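One chain is shown next in structure tokens, namely the form predicted alone.
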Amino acid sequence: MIKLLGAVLILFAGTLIGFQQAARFAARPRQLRQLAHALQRLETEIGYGHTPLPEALGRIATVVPSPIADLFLLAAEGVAHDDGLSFRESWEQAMRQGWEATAMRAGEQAVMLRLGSALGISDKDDQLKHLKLALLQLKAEEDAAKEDQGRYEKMWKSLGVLIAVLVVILMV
């Protein structure tokens, strides 16, 4: 009876692990779309609204879902506080601090860090150009993420179950 209960728990845990890994592959393209949407809104705030960056980041944080909103909220808070940090420093700190909560990878983080080094130090037109470039790069990353999702999502689901079954067989 205890072996049967142990086998069921192992099967459940293995399946759960596989599905969690698959969920990360599914979350990455979705979060990249949300990040691109947030950058488009930032482009609108800068280009048409002439909104100061801290205020624009705060507004964006209210309309995009978490964990993307957290990145923009951390950046807005970093700029708003008088810690002596420049916009670039607070942007980098926010991206590094909040990135672990996302399903995105280092390539996307590098795009965002490059963008942060260009925002706030140049004129409106230059900032808009950098935003458009970041959007193009994120679109390429999103396409790669969709390919990875199609390739690996089903594999992880199956692999979790199969490894759990192997462990149960080896246990018996």
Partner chain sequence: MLNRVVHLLPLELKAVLEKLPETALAQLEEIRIREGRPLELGLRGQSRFAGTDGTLRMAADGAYKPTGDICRKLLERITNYSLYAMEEELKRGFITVAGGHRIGLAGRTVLDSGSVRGIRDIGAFNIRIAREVIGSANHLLPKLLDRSRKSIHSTLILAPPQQGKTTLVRDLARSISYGLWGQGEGAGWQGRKVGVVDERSEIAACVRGIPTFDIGPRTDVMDACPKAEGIMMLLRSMSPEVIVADEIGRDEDGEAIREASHAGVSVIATAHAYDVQDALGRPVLRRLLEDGSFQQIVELRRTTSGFMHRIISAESAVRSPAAREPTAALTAAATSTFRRSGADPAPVESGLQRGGAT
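Residue numbers count along the first chain shown, from 1. Here the structure is a predicted model, which is why all the values come from computation and not from measurement.
Just so it is clear, the following notes concern the form predicted together with the partner chain, a form of the same protein that is not shown.
Checking Gly58, Pro52, Pro67, Gly107 for any heavy atom within 4.5 Å of the partner chain in the model of the complex turns up a single hit: Pro52. Not one of Pro29, Gln34 and Gln149 places a heavy atom within 4.5 Å of the partner chain in the model of the complex.
By the criterion of a heavy atom within 4.5 Å, Ala101 is excluded from the residues contacting the partner chain in the model of the complex.
Contact between Ser122 and the partner chain in the model of the complex is found at the 4.5 Å heavy atom cutoff.
Contact annotation: Ile46 falls within 4.5 Å of the partner chain in the model of the complex, judged by heavy atom distances. Under a 4.5 angstroms non-hydrogen atom cutoff, the partner chain in the model of the complex lacks Leu73 among its neighbouring residues.
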